[in-house]
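Below you'll find only one chain, the form predicted alone, shown as structure tokens.
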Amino acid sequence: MHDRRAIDIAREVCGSASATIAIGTCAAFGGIPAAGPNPTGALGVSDAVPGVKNLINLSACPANVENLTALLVHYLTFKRWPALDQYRRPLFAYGKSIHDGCERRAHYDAGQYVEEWGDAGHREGYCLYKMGCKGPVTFQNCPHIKWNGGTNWPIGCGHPCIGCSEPNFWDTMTPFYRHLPGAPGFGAASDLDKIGAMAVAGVGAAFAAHGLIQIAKRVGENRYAPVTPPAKEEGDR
């Protein structure tokens, strides 16, 4: 078989298989080899073998063995393949963005960002969005299952997500250390630096408003509380 083209082998194997699992971003979407200008004409399975039966993509560079195991166990248990997203990836593994499950999400919401490598925010575990993290537009369960037997994951180690599980990530996510032009949840044209300041101001305003509400509540309670006449002292008529 050494004289046969890989594309011919893929067509033969995928054409007769009950299901095809494309493991890794290269197999699923072409990966780095398919990055522009793609001189070799690299393709993912869906483009190389159109119409393949029951194609399931397990993208990421590399694919996580935990997701592969879960996929096979699902089929052995239920005798059917799991629900897939628009890129034919299992929803149980790719149904939510990394941003939604990130351990640094609270810092993002508070407007606390790493400004440069090794600064105080970096050491404190602040959000890596300004350092180029692509978690808001990347879908995978890395924050939950992690890597190397659940030891850690890139963001946990202080490195931003580069979006390796997404189609055309090399072309659309680079430069890897430049943040996205907009901020999720605030509109595509949002200014991240202003959002951070707004978030901090908003938290302060919330605390101030809470204090004012509590004061007003106490004033109201005192205003409408029944008045108890003072007890008569001995000798009073």
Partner chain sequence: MSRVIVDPVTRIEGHLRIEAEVDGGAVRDAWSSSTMFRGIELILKGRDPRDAWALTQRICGVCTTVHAIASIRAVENAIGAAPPPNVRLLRNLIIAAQCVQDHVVHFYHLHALDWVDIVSALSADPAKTSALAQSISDWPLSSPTYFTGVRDRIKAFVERGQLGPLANAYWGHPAYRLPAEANLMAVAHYLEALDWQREFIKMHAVLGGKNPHLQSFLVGGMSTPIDPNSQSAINAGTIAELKQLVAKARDFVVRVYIPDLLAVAAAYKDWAGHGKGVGNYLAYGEYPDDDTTAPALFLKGGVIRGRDLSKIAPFDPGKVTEYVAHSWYDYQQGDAVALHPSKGETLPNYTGPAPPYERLDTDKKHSWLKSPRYDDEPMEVGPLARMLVRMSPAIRASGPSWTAC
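Positions refer to the first chain, counted from 1. Bear in mind that the values here come from a model prediction, so they are computed numbers and not experimental data.
Just so you know, the form predicted together with its partner chain exists too; it's not on screen, but the next bit is about it.
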Q) Should P175 be classed as touching its partner chain in the model of the complex when contacts are defined as heavy atoms within 4.5 Å? A) yes
Q: Answer for I98 alone: is it within 4.5 Å of its partner chain in the model of the complex, judged on heavy atom distances?
A: no
**Q.** in the model of the complex, D171 touching its partner chain (heavy atom, 4.5 Å)
**A.** yes
Q.
Under a 4.5 Å heavy atom criterion, is D85 part of the interface with its partner chain in the model of the complex?
A. no
Q. Though the partner is not shown here, which residues of 134 to 161 have a heavy atom within 4.5 Å of its partner chain in the model of the complex?
A. W147, N148, T151, N152, W153, P154, C157, G158, H159, P160, C161
